[in-house]
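Taking the form predicted alone, here's one chain by itself in C-alpha cells.
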C-alpha cells in the first residue's frame, strides 16, 4: 500500500461483499417464491423480497465503486486522500441509512413506511428500483456530494491522469442523474421518460465510465503495459459507450407514449451498444497478451478477463437479442428481460467490483498478492459463480422464449397458466442460484483463510 489513506477503501469493500451475500440470499428466496407461492408468506412477500433484492444490488455496487475510488485515486493522483476522516464518516452514514431502509422494507408495509418517512411532503416513492424513502434519497445525495468533494479535492491537489478523470466524470454523472429520482410527475408517460434517466443512464451510461476506469487501472498494475496504450483504448471505449448509451435510452421509450421516432433512434443506437463491450473484451485480452510482467495476483487477472467477456455477453449480446423495436414489442417485461439483466449486472458491475477487491485487498493487508492456496479457493469461487450465472441466464432465456410464444406471439394463454408450464426452468434457475451462492462463499472464504502458499503451478492451472 503506497498511501496510508488507501485503507479507507477496506470497510467499503467489506460492506459491499456483505451486502452482496444478502442480495443473493433474497434472490434465492424470490426464486423459491416463483414455484412455491406462499414460501415465507406473509413474513416476506414476493414484492418485498424483490424490492430488497434490487435495492441491495444498487447499494452494494455503490459501496464497491466508492471503495475502488478511495483505493485507486490516491495512487493515480500520487497523493494522500484529501480527508480520510470524511471517507469513514460517510461510510457509516451510508451503511446505517441503507440498513435502516432495508429494515423498513421488511418491518412495515410499504405504504406505512411512506407515511412514517414523510413521503407526502415530497413524493418520490413507489417506482421500481427507486423505492427508497425520500429521506433515504436525500441521505444518498448528501453522501454522494461528500464523496465527490473528497475524491475531487484529491484529484485537484495531485497528478491528473486519464483514469482518474474518466472515473470522476462517471461518478459526477452518477450523482447528477440520481437527482431525477426526486422528479415524480403525475403523468405516467412523463414519469417513465425521466425514470429511465436514472436507471438507464446509470447502467448503460455513466457506470460504464466507472467500469472502464477501474478495469484500466487494474490492467496497468497487473500487466505493466505502457499507460499511454491503455489510456488510448479507454478513450475509444468510453466514447462509444456514451454515444450509444445516451441515445440508446430510446429503446425504453417504444411503448410508453413517446413519439414514434424513438423506435428508429432506440433500435439503431441500442443495437450498437455491444460495440464498446466488444472493444473492452479485445482491450483486456490484448493488454494481458502484451504484458511485461507476470503479476503474482493471478486471480485478479482472471477477474479482469472475466469482466470483459461476461459484460460483452450479458450487456452486449443478451441486450441486443431483444433491443430492436419489432422484437421488443413481444419480449418486453418477460423473462428474457430478466435473463439480460442478471448476466449484464453480474458481468459488467459485480465482476468489476470483485476484480478491484481481488487486486486491492491483499495490498491493503500488506501483501502484493494472496497466498497461492487462497487464490485457488477464490478461483473456485470465480468459476462457480460465473458458470452458474451463465446457466441462470440460459434457463431464464428459455423460460422467456416459451413465455413469448405461448402468451404473446403464438398464443394468448393466461399469464399464470404460462407460469405453471415454464416452472421447470424456474426450478433449474433456483438450483443454479444455490451453486452461485456456494461460489460466493468460496470468494468470501478466500479472504479469511490463513495465508499459506502452495506450488505456483497449481494456481496457474486453476486459472
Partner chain sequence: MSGAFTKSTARNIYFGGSVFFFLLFVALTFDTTRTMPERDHRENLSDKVVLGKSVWEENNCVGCHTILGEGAYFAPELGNVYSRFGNSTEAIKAFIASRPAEGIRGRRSMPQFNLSEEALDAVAEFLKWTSEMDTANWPPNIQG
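Positions refer to the first chain, counted from 1. None of the values given here were measured: they were computed from a predicted structure.
The form predicted together with the partner chain exists for this protein as well; it is not shown, and the discussion that follows is about that form.
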Which of 357 to 365, 88 to 96, 75 to 83, 322 to 330 lies within 4.5 Å of the partner chain in the predicted complex, heavy atoms considered? The stretch 322 to 330
Indicate whether the partner chain has at least one heavy atom within 4.5 Å of a heavy atom of residue 224 in the predicted complex. no
4.5 angstroms heavy atom contact with the partner chain in the predicted complex for residue 395: no
Is residue 295 close to the partner chain in the predicted complex, meaning a heavy atom pair under 4.5 Å apart or at it? no
Close approach of residue 426 to the partner chain in the predicted complex, 4.5 Å, heavy atom: yes
When you measure heavy atoms, are 201, 209 and 243 every one within 4.5 angstroms of the partner chain in the predicted complex? yes
Looking at 285, 383, 235, 278, which is the one with a non-hydrogen atom within 4.5 Å of the partner chain in the predicted complex? 235
Heavy atom within 4.5 Å of the partner chain in the predicted complex - residue from 313, 144, 301, 162: 162
Would you mind checking 245 to 281 for residues with a heavy atom within 4.5 Å of the partner chain in the predicted complex? 246, 247, 249, 252, 253, 254, 255, 256, 257, 258, 259, 260, 261, 262, 263, 265, 269
